[in-house]
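The chain below stands alone, shown as structure tokens; this is the form predicted on its own.
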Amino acid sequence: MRKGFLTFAAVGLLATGSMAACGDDSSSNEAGGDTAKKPKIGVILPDSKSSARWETADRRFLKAAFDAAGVESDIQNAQNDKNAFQTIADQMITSGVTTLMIVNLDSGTGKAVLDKAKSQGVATIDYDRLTLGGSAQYYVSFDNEAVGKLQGEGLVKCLTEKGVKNPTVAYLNGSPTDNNATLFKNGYDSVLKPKFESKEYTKGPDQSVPDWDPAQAATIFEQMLTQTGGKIDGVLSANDGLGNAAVSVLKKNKLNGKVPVTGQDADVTGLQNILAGDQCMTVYKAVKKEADAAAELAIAVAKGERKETGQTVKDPESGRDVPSVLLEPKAIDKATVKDVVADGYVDKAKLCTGAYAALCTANGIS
């Protein structure tokens, strides 16, 4: 991955050029942008089960960005159905979208959709997940290896604070069809592998969770506990949904709060688990900044413009350097949950309900 400059506040930092995007030899119009057309942006979100963020954050922030720009948009959710994903894409292309932005369910389905859009002169953007072997003109996401590194460092910090000697660490990885899950694992492996190799830590069960499904994660983690005779001292969970699945199993075994669990996405449940002491940390990704950067790109390429992002990510399948905007993630623990609320990402009323009200007050959430 090559980084030209930091793009945490990416909106407004993208330079406009007159050439077609992404090194495509086609004209501006062929690269997705008939300048005579009024921009219309289609967005396909993946599901609402793997993470709450897609509906609670991405949808509202993307819509707000398009509305603020006075641009028509159509945002739909495929609900983890590959056939529905392709049908939605076909309908959007037929309806005349000038840019199609997707969060793929897997690279095969994503590639088919991107290639069809490109063949119809529709500009394309990979949002949050890179489609391996795909043809998207841009990729907008977070530095996903950095996300994993924060998770690994967070787990090490929590285990150190608990004074656990030679802890056994289990992995609940994300979906094997999601390239981001691979990048997250690269990140936390960079922190934890040296500890396994030095025998400071013991490598426990390591399993991917299909479709990021929390229900499957709970079953998998129960099996892990059984397999190890209850000897799991830390859980590297790739997101808050998987983390909450682990927490629910630990509660049944009266181990919650004793075994550090990581997460990602800073959703309400994850933050509540952190306040209660059942989850060690999460990773906050400022989705509004991601959505704003993607919306700016989507509108520009719909008009046939080229944007210089100053960054690229190499597609490991095709070898193509994809122009990218990569934002910085932030580690969140009990002391910094208030930062996520202050940023407007979660609603205090939803977070600080019932038994969590006193915990919010105690941790400076006002």
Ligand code: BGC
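Everything numeric in this text was worked out from a predicted model, so none of it was measured. Note that residue numbering begins at 1 and tracks the sequence as displayed.
The same protein also exists as the form predicted together with beta-D-glucopyranose (BGC); that form is not shown, yet it is the one meant from here on.
Asks: Give a yes or no for residue 180: in the model of the complex, does one of its heavy atoms lie within 4.5 Å of a heavy atom belonging to beta-D-glucopyranose (BGC)?
Replies: Residue 180: contacts beta-D-glucopyranose (BGC) in the model of the complex.
Asks: Does any heavy atom of residue 282 come within 4.5 Å of a heavy atom of beta-D-glucopyranose (BGC) in the model of the complex?
Replies: Close contact is absent here: in the model of the complex, residue 282 is far from beta-D-glucopyranose (BGC), nothing within 4.5 Å, heavy atoms only.
Asks: Consider residue 53 of the chain shown here, and say whether it contacts beta-D-glucopyranose (BGC) in the model of the complex, taking contact as heavy atoms within 4.5 Å.
Replies: Within the cut-off, so yes.
Asks: Does residue 185 reach beta-D-glucopyranose (BGC) in the model of the complex, with heavy atoms at most 4.5 Å apart?
Replies: No, residue 185 sits far enough from beta-D-glucopyranose (BGC) in the model of the complex that none of its heavy atoms falls within 4.5 Å.
Asks: What is the one choice in 265, 278, 143, 233 with a heavy atom within 4.5 Å of beta-D-glucopyranose (BGC) in the model of the complex?
Replies: The residue in contact is 265.
Asks: Considering beta-D-glucopyranose (BGC) in the model of the complex, which of 221, 212, 138, 201 comes within 4.5 Å of it through any heavy atom?
Replies: It is 212 that has a heavy atom within 4.5 Å of the partner.
Asks: Only one of 74 to 82, 124 to 132, 201 to 209, 160 to 168 has heavy atoms within 4.5 Å of beta-D-glucopyranose (BGC) in the model of the complex; I'd like to know which.
Replies: Correct option: 124 to 132.
Asks: Going through 233 to 251, which residues have a heavy atom within 4.5 Å of beta-D-glucopyranose (BGC) in the model of the complex? Please give them in sequence order.
Replies: Sequence-ordered list has one entry, 239.
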